[in-house]
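Presented as structure tokens, the chain that follows is alone, the form predicted alone.
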């Protein structure tokens, strides 16, 4: 009898607990209907906590890259220079785009501003790292640019987090929260990129430069500088004259390939029968890294200045523009070059050779421009 009473008592307690939980849920539902703003406040509170956790992770990445950059710069800086203070100035520096209300001539205005920015940025790094040679300075400049990029991402996310929190704007917080997975992926890629520039390792974006370097490797050629941080190799290939354009390397620079190609075409005139550009291209999800594809046009990213220069001179001379792209993710483009991407250089060379023999007659001139960052890729 006692056992039966105990079971009934337990069953009664469970019924009471179940009824109490149902009552609480009912009260919550009624409060949501009577006070619609309550559910929004609860949701906003949850989203802010989630965003705060990710913002803290982003700050950790920013601090990590900054500390690593400071230690690297201190290796090449005299003892009297306050590296941390000088780096802070560079991280907060900015560039203002030219006025686009009147678009006439805006490309060359943009080129002037970008070139001025790059020259000054490199000069500031030289002032800090007086012990570094010219090649190392260029790679260190890239390292500072990586730190500056991560710092901007952190400032950007922090701005919208604090603004959304202060104004209780759930839609603002929702937008930045939806973008956070991609933002964190980019930030982590920047952190890995800092390792590459510290140690002078080739990155995925340099596959165009690597392809041209391999095409020229072991061949008798004439090498000279055609533009700032940009070199040209002249060589013969099955009765055709090839002029290969690439960033100089092994320091970290993309050079000025547009200016280089433009100068060559202006000097060679109608002898140039084909211009081929080789560059990394952003792949879609599910596509294979290192896949080589062909197309028509100018394969150059960035501000668009180099692309504009090549398109303008090619249009004026009636020169066909062919492009070869190697698929990569955004992470692979700025991190140490992976094996699958490096192996794609051999496929690119075969496609270049095939295109030249099929499309260009013997005795003609072909320009092949390898686009990308030349860090870790020397001159052979």
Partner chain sequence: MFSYKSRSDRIIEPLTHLTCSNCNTENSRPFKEGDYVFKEVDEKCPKCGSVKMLITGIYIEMRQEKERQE
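Residue numbers count along the first chain shown, from 1. Nothing here was measured: the structure is a model prediction, and the numbers come from that model.
As for the form predicted together with the partner chain, it is not shown, yet the points below apply to it.
K.L.:
Heavy atoms within 4.5 Å of the partner chain in the model of the complex: which stretch in 302-310, 88-96, 194-202, 260-268 meets that?
P.N.:
Looking at the partner contacts, the answer comes out as 194-202.
K.L.:
Just to be sure I understand the contacts: of 321, 340, 48, 330, which is the one whose heavy atoms reach within 4.5 angstroms of the partner chain in the model of the complex?
P.N.:
Result of the distance check: 340.
K.L.:
Have a look at 280, 245, 210, 276 for me and say which one sits with a heavy atom within 4.5 Å of the partner chain in the model of the complex.
P.N.:
The residue from 280, 245, 210, 276 that makes the contact is 210.
K.L.:
Just to confirm, residue 56 within 4.5 Å of the partner chain in the model of the complex by heavy atoms?
P.N.:
Heavy-atom contact with the partner chain at 4.5 Å: present for residue 56.
K.L.:
In the model of the complex, is there a heavy atom of the partner chain that lies within 4.5 Å of any heavy atom of residue 316, even though the partner is absent here?
P.N.:
No, residue 316 sits far enough from the partner chain in the model of the complex that none of its heavy atoms falls within 4.5 Å.
K.L.:
Using 4.5 Å between non-hydrogen atoms, is residue 61 touching the partner chain in the model of the complex?
P.N.:
Result yes; residue 61 sits at the interface with the partner chain in the model of the complex.
K.L.:
Does any part of residue 136 reach within 4.5 Å of the partner chain in the model of the complex? Heavy atoms only, please.
P.N.:
Yes, residue 136 lies within 4.5 Å of the partner chain in the model of the complex.
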